[in-house]
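The chain that follows stands alone, in the form predicted on its own, written as structure tokens.
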């Protein structure tokens, strides 16, 4: 059976890998002209079950070797003493298996893990879809026409498949009132493998080292209500300068490197509120269907786990793929709902809405990191963070795997 996947970032390559392992013929179409190899993007986290999925794919060791190595953070605030936070102990308290990795590196590792398992069509996109109940006729921007048994949108927050089948982006986004901007620049502060953060009401500025390049990433999170074009980088840079131009601290030095930055990323922190991500023989996975909110909802881990489950449920329902889509939706809905509830709480912590949070949060994080790991895990298990990141049990689909030499078998 032939399955088309739109998007080759995180969920797409994971889904393609497992579909191939179950005997399907996956094709991945990606708008960018080549595989997204490199060190671009902001740092993302893999926790618990997501890490286990990559272990079963045989690429966990490669992911661990590529981790950011950012294990400590200094938090600064206006008029207060700096606070040192041991990030490695906090991560260990949340999950026994965790890695922080640049999104670009993760994408490369996942693509490399299954690059021979799928047909990849780079520099193209889906122009139209027609689901006749027995299959889906697809026309691509290039003019190519193909027929597939199923089409899956794994194409992120601004999903093209979602727009074509489920409705306009404006109708399905729920803004959380925040924004994220990230870009690379020289390490003018000598950070090395360290994170430096500055908190104030409604704003967070972070700088962290990228050991592979000797550069740093500058990250900005802030609250607001903006109108902008998500494709207009110049407009987004101007908005960032307007928002932080008089901030002080080290921000003037950071903004000096904004204009020449080629990897600039800017987007709203918004959720996708679509309540069903299945329509006939078309489905959505990852941020395309249920983005919990960039930088605050664990969307990367959620995408990896959901792609694994989607592939397994399609394999289990091989003779009735639409029922496999519905089973996938049913299984992951509790995890999606937990992630959606978690995001506003995390955003309230990382982008403080009041002076009390600015004053108390850094000290609370430093204190938590000093607790025994077992006690930390008990604390995390009682709230949404632990439920989303560390307690998800993966279904076992190993009996559905097709024998293939050189491939790891869980």
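No experiment lies behind these values; they were computed from the predicted model shown. Positions refer to the first chain, counted from 1.
Form predicted in complex with a small molecule: not shown, discussed below.
The closest heavy atom approach of residue 4 to the small molecule in the predicted complex falls outside 4.5 Å. Among heavy atoms of residue 32, some come within 4.5 Å of the small molecule in the predicted complex. Contact annotation for residue 285: at least one heavy atom lies within 4.5 Å of the small molecule in the predicted complex. Not displayed here, the small molecule is kept clear of residue 195 by more than 4.5 Å at the level of heavy atoms in the predicted complex. Contact with the small molecule in the predicted complex, judged as any non-hydrogen atom within 4.5 angstroms, is confined among 245-253, 327-335, 179-187, 275-283 to 179-187.
Checked against the small molecule in the predicted complex, the candidates 271, 300, 236, 117 yield a single residue with a heavy atom inside 4.5 Å, and that residue is 300. Among the residues 89, 223, 173, 103, the one placing a heavy atom within 4.5 Å of the small molecule in the predicted complex is 103.
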